[in-house]
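We give structure tokens for two forms of one protein chain below, kept apart as structure 1 and structure 2.
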Structure 1
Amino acid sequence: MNLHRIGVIGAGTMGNGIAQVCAAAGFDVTLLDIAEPALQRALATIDKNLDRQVAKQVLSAEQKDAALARIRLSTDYTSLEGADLVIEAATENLDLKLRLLQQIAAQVSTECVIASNTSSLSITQLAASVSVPERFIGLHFFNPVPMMGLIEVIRGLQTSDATHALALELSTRLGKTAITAGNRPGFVVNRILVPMINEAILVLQEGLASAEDIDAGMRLGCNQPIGPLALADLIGLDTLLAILAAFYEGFNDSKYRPAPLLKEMVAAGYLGRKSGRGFHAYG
């Protein structure tokens, strides 16, 4: 399959990051969201991020301008017509994703590959919601998308070899490294990472150490670039809770039960960096 036009659904942190790297790699991108202000914020973020790359001499000013020119903003799903690939990057909510995927499938051709950026939900289940499930795959990008070098490629039970090959081709053209995972909750990275973060929250909840000391311990003792609680704040505590809930339900195993402190913080609206307060405070 020729891969030229890419649609990205959702103009939040992940969506605008995916749109940026695709446009910088030479793809024509349609970035779609339900609200025009969200799209304008996303474009401003992309512009700012590209400016940083120009300042670091990763891109030239001409390459930045060309990348921005390849991004089209839209609130209308009909703008996805003619897309070769559409990547759904909405909030980690099953009902929402199923609804969006059906809207995507209604507008694109049966040749178009549809992907989800889900970090925990079943690719097989999501694929069953579209008319040609063989053309469905998981593409799990990591935050911040322009800086992180990995894409998890997740095959559902229905995913064809051709769809998998296209996903690997995309990863290469974006300058990312791809690893292929089977369809289990959390796939590879989050299956290992999220329970570790949850354990760090339990350690904090027990009063064993402060948030600062927990993060310092893991940074300096395990050579992690960022502590688990600071990483939780970066991911978003609501997103983290949703991932753990999916693990708990998917595996039916109590070891994935979310820490009560995590539930309480989400209920209080302490969601991490995006709310200005999580396990750490942010100005």
Structure 2
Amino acid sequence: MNLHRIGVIGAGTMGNGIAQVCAAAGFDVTLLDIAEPALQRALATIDKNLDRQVAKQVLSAEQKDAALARIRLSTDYTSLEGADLVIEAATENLDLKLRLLQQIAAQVSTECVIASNTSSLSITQLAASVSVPERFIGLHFFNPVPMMGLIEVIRGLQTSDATHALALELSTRLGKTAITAGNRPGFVVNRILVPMINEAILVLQEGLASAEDIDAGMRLGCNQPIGPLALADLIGLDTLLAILAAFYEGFNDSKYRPAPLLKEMVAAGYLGRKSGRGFHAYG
């Protein structure tokens, strides 16, 4: 498969991680953002992360330098010309993504595959905005990208088998395991994970157990690395509420109703780690 040049759109949390793993795997990467400072921050983050891998002897110093040399920074969409694959990882906003996908499609050939890293938007709807919807797919990386072994590959209604095959090949070449999912809210992992967290909040709300005991129960009884309430605090309770609201609306099913306690916590400004207080207290 002809897969050498990769464009990554958005140099934030996910974009810089995606650019790093693609460059480390030998691809030529163009990392594009509308904000120059975001690009500089991304490069500093990548440099630091690669240094850590050199210290752990995962990479040699030469491999680090070669990976960095394969990353080109840009604020100009014309720099995507010649890309074989473009991965969109910009801000999660439907109107913004629809607009920038058209900008991407205007620069690349009809052979180029365009992918989105969206967590919550419909791949079928995004695909409908580009010139060749058959060559559009969801590539849902997990945070932090260099550490996490999974990519969810999401087929829109229009996605061709060849596009799907390219996504699977990319995952292998990045050293990740791919699972394929259909296009429904939450795909597979969040569809299962988020209702489990919501149920933990309902258990707390009912007074069945303390937050500490609920988390200890799931860590020690189910071998989860982190308890569901501590994980909720890490994700951010406002983000969690937004995801549940999207499930509730997207499936029209009451089983996804957000726990009233979650709504109340968000209304109080208790958002988890980022606000210093959630189901647990932080420094």
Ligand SMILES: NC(=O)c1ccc[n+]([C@@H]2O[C@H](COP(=O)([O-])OP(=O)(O)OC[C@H]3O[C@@H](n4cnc5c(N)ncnc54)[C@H](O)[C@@H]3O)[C@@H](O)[C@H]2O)c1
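This one's a predicted model, so the numbers in the text were calculated from it and none came from an experiment. The first residue in the sequence of structure 1 is number 1, and each one after it adds one. For the two forms, the rigid core is made up of the largest set of C-alpha atoms that agree within 1.5 Å on superposition.
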| note | Check against labels, form predicted alone ends up as structure 1
| query | Going between structures 1 and 2, do residue 272 and residue 237 stay in one rigid unit of the two? | reply | yes
| said: Quick question: how big is the domain rotation between structures 1 and 2, taking the chain as two rigid parts and the angle in degrees? | reply: 18
| note | With the core held fixed, residue 217 moves its Cα between structures 1 and 2 by a number of Å equal to 5.1
